[in-house]
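Only one chain is shown below, in structure tokens, and it's the form predicted alone.
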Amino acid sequence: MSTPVFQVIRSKNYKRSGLLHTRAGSVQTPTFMPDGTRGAVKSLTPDQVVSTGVEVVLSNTYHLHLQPGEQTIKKLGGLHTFANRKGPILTDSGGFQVFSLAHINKITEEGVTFKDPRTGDIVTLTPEKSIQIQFDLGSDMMVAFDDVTALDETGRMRTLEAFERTHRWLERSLAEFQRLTKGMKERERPLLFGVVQGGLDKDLRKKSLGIVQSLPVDGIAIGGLSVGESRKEMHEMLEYLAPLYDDSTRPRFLLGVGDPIDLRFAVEHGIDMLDCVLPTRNARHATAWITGDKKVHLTNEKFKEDTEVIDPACDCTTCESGYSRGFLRHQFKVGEPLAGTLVSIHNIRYLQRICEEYRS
């Protein structure tokens, strides 16, 4: 009997720790995955990323398709060789980026047509094309193409339409995935996550989760949150979904969420994996998390002569190397990119440490 994709090591109430098996190695969960959008976590070397405890890096199907193109990356040895990444890589479907470029795209049943913001060229992304791109990139974990809509007042009017299309596209994504992986041994093939949609409509979310769980996908992805709703609304939906997950043999991935408060809430309500650009984006804007999930803004005048590290309780290489708040403030003030790098290391490590606490 083969080992399941996901093994629960321990669980209590809804939160759990586990081991996710991929062809590029096993991953301890819960885990936070920084976004290496264009093949690299912004401003960090692969070794610096690994130093934070990261076990999976997420890369972006949409951006890598536009530049340099999946065929170029394939010729350069695949995404692992291209990005000098030894551990597992997860690629998103491109659905969120299509959503974020709503002003330049057109959604039809076939897929999404949009203009390349860089060149003006017309590009079409379909469920089949998204899976093909991810396959050519050499991804270890793929996400089915979905229709994402905002949860602001305008976007909520399209919730039902996006819900229905997402599941039709999931069937097509799954069929293409099965075609491309036919004949591959179980431990040699990538994994596929199906996406749960439905906005803030609990009936639609329940139905969507049921549909995804009824299909032979390897993981469950919760999409369409952190797209305009309040924190309270997001938490209410995660709380609602927690008792509806059907078994322990598939990992659950919450897309696009990375604030410490939300990460804790998600893990305590059954989520195993999260990704977000927030830790590195905040870092580049001189914002760091410290003990208690508080934020400090390192360009603040009060840090000008501060000899303390970002957080004395932190074990990241930035803090352990002794970089002071005063030094970091100066580097931000003079526009030195090193400051963003050092704080990115700290912020990612902060989230990883939270995950490690839940594992134990």
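Remember, predicted model here, so these are calculated numbers, not experimental data. The numbering used is simple: start at 1 and walk along the sequence shown.
Below: the form predicted together with another copy of the chain, not depicted.
- Put simply, of Ala40, Val296, Val50, Cys314 only one has a heavy atom within 4.5 Å of another copy of the chain in the model of the complex, and it is Ala40.
- The contact residue chosen from Gln178, Thr249, Asn84, Thr124 relative to another copy of the chain in the model of the complex is Asn84, the criterion being a non-hydrogen atom within 4.5 angstroms.
- Stretch-level contact analysis of 50-58, 64-72, 288-296, 22-30 against another copy of the chain in the model of the complex, using heavy atoms and a 4.5 Å limit, identifies 64-72.
- Heavy atoms of Asn300 never reach within 4.5 Å of another copy of the chain in the model of the complex, leaving it off the interface.
- Contact annotation: Leu338 falls within 4.5 Å of another copy of the chain in the model of the complex, judged by heavy atom distances.
- Although the partner is absent here, Met157 is not a contact residue: none of its heavy atoms lies within 4.5 angstroms of another copy of the chain in the model of the complex.
- Another copy of the chain is not shown here, but in the model of the complex it comes within 4.5 Å of a heavy atom of Leu76.
- Along 323-339, a non-hydrogen atom within 4.5 Å of another copy of the chain in the model of the complex is carried by Tyr323, Ser324, Gly326, Phe327, His330, Gln331, Lys333, Val334, Glu336, Pro337, Leu338, in order along the sequence.
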